[in-house]
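Given next, in structure tokens, is a single chain: the form predicted alone.
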């Protein structure tokens, strides 16, 4: 019969809801009653009494759970103390209700019970689910605003180059444990007597012994519990908690199967790159220049729109502008002066199907942040491209439908930011003699192989 006492301890998460419900009901009735002698009197007294008795049972079961389940004293001491204080306060209010004559004073006493319930319940929730249970799913910025540190739970991140030399355990396994297991298995909340926040804790294991076996992932609880069905009682992490990615699980498995070394490198384990790809830190370089610019006035934009230009920010909140002549087909070289007021704010200029000539390119230098320039189906010539060398931020250049020759593109080699040149339907299209350039050249001429359905006649 030795199992009965620890079993009663495990009923604590169930029993604890009884006093919470009854005592909250009692407090609610106090504030709904205008005076002591209202029709709620018997309900109030009964709620406080039953709530206090059930709080005794919850406190006893909680103490037994602490004793038999391996929780450290530092983890439960304040929760246990506040639980006892809540129980005593409940009995006190049951007794005080009979003799009270000052209803306002009794309301304040009842409110103090509510505060005790909130703090006791919060500490209990921290023990059961971890201190970050309510905040771990929030964005990092919001967590920091609430005073919740995110550093210790930093997930797995890897550099795109040099990852082979990283220590597998220190730089891969421990970060995975930090972000998925540490909230329940740490020095303050050692569920199952297991601490996964440090190397020493992992080596020591928990109440069931060691949790990993070198060269045998299936026998290692560190892995086997991760792949159990989510509704299995032994599945870890619990289904209501953040679950590790499938790649993280596979990396844990690989570490175990390759010897579970604490000194070995990631390269020595030879992981498939696809397992690492979700965790690579990729430096995102903004497409458009990052400069501090004043926004162009709404009146200036309205005036340009009235002339026939299409004008809008390149993205929401940006001072850089996109200008198109889609509705201004008669645009010619002299009309570029109408955009001179935009200066550094002009980042995207679409001159497709307009009446411009190559001479206009010498004026493009008036827009230092120009990043995209579309000159499709215009009268520009290859000799004019050299003037674009004064456009340091130009990345994409569209020359479709023009008479550009291979030798004309040599002038673009010195453009520092140029990434792509589009030259469909030009003398470059399908020309095998076109050499390779520093930038990417798209000339079209692609074809798809025929498929059987292409010959079906309907």
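What you are looking at is a predicted structure, and each value in this text was computed from that prediction instead of being measured. Positions refer to the first chain, counted from 1.
This protein has a second form, the form predicted together with a small molecule, left out of what is shown; the following refers to that one.
- The candidate stretches are 218-226, 157-165, 272-280, 307-315, and the one lying within 4.5 Å of the small molecule in the predicted complex by heavy atoms is 218-226.
- With the partner omitted here, the residue from 211, 256, 379, 325 that has a non-hydrogen atom within 4.5 angstroms of the small molecule in the predicted complex is 211.
- Residue-level contacts in the predicted complex: of 238, 125, 329, 267, one residue has a heavy atom within 4.5 Å of the small molecule, and it is 238.
- Contact annotation for residue 345: none of its heavy atoms lies within 4.5 Å of the small molecule in the predicted complex.
- Residue 296 falls outside the set of residues with a heavy atom inside 4.5 Å of the small molecule in the predicted complex.
- Although the partner is absent here, residue 120 is not a contact residue: none of its heavy atoms lies within 4.5 angstroms of the small molecule in the predicted complex.
- Although the partner is absent here, residue 187 sits far enough away that none of its heavy atoms falls within 4.5 Å of the small molecule in the predicted complex.
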